[in-house]
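Following this are structure 1 and structure 2, which are two forms of one protein chain, each written alone as structure tokens.
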Structure 1
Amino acid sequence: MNKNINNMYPYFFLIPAILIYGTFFLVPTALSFFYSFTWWTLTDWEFIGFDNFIQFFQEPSLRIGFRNTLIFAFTTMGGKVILGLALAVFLTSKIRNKDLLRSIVFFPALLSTIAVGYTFSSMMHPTKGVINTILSFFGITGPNWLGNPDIALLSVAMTDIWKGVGIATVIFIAGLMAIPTHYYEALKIDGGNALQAFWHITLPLSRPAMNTVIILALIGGLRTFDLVWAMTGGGPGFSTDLLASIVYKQYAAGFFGLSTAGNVLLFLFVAMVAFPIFKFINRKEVDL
């Protein structure tokens, strides 16, 4: 019987998936490990060992990508976790209009990153932009958001948080709704206040949702390309260049081997950040 039932799940059902996923994702990924060690013109290649990687770690304009990528990924992750959790707590409380507010917060997630990038870079114009005009109304002189190399990366990160916080909020809302209400009732009977409820019930029991948000935000942040491309193009200087935009620049300049090496570094970077966190949080996950 058991043998027969397995015939109902033939392996050839996997063939279309293997063909497409294999050809268009797995094979190029495997090839990139080889070509990252070459001087490559697409028609011709020459094996040069670790030269591409050495160049990546020696040239300041390339090396800065690592620092920026880490800052960007962790800033946006932190912002999405904190704001997302705060919004979720607010939007699961007994307020009216919460459906409308949830929709408003979530909608930016559906918009194209490029459109959002162009809109925010116009709003961040140093003299006439909407953000600084509003700030000057309160007597604050706003900075040159995208023109100042010290804060440009954070300005891009803030835009990313604006666009992505809705997804984090929705995930947190799902997590909070899964917490049984009798925990809160028990705490109330014992005389606990709202802060204690948040600290001792909401925070620990929203761990699974938080882990999901952390993983999604970190992977997304490490891979970001289009937002930087639309807002700053990596400038001023190289102050907002992320690994993914460096990969594009090297590709556009015709340095295919170097670009592929950057791609491989990006894989390793994502894996190095994602896998340990993945393992760590799976170990510590609390069951409801």
Structure 2
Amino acid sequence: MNKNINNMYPYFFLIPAILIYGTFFLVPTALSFFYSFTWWTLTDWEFIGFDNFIQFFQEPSLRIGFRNTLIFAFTTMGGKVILGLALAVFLTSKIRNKDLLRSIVFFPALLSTIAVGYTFSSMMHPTKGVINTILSFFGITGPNWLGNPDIALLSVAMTDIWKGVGIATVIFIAGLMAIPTHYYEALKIDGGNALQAFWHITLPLSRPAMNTVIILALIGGLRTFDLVWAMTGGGPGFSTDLLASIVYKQYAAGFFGLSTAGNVLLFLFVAMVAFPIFKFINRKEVDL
């Protein structure tokens, strides 16, 4: 009896974590799936089957939302991977004030997303914004960054890259510092240059860090709402509407069951996009 208790003793420490995880994640997730099949208010509910899902797929902006979400997610993911790796290589090289530069690069990640959204919205104003004012100083007529449907989504994506590249850089720095230095020394003895060192050592051996950045950036991009809502509110028209903003609009209009169904679809959509990519990229990791 005492032996069984001793064997179970370590698992007792998991009970608080399990309770918190179940209360704040598992239970709300299960309730979301249930209420997606209902018409509900704060005081009443009625089971209506798949009607919410059918109605959600009839949304005129849904096709645009799916397209915009994929474009936004892969654009921001690509930008964070490329810029994050480039900055990490630079910030792990033999330069002065390395710690200060790392702090500057990471600083945007500490800022409130809403604050960043409103700030860049002001900076991208077509006539009074700082960006177009600087461009006009050089004789360049700046575009309407957030008012032109053709570039509004890209403008928001660039803002997201600026805010999130610091985290990607830190992850890449950790990955690069884990690469044994004798690989570079051996290449240098063989007459290799900096480009060969990057292509044959840095790039393949930083793949675990790159995989982490890809997954985090992709899932974050697919779930983005706050930055888009702060900068454009989904406009002009539906040009920057993402799935999350469509769900929010339904909820704000009082269609609680419909918005819950949209959240379930968003969860499934993120899983269907991210999981195959996660399985694919992890097959190609290189051991140190």
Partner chain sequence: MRANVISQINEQQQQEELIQARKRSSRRMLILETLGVLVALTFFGIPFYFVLINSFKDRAGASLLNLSFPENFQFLRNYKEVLTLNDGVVLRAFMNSTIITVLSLTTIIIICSMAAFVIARRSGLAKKLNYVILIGLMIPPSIVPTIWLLQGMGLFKTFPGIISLEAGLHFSFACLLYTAFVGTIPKELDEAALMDGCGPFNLFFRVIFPLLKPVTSTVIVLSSIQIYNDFENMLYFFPGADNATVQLTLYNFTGIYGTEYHLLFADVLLISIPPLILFIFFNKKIVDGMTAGAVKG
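Between two forms, the rigid core is defined as the largest C-alpha subset superposing within 1.5 Å. Residue numbering: structure 1 sequence, from 1. Since this is a predicted model, take the numbers as computed values, not measurements.
Structure 1, rather than structure 2, originates from the form predicted together with the partner chain. With the core held fixed between the two structures, Y248 has its Cα displaced by under 2 Å. Once the rigid core is overlaid between the two structures, D226 does not reach a Cα shift of 2 Å, moving by less than that. Core-aligned CA deviation for G65 between the two structures: less than 2 Å. On core superposition, E46 has its C-alpha offset by 5.5 angstrom between the two structures.
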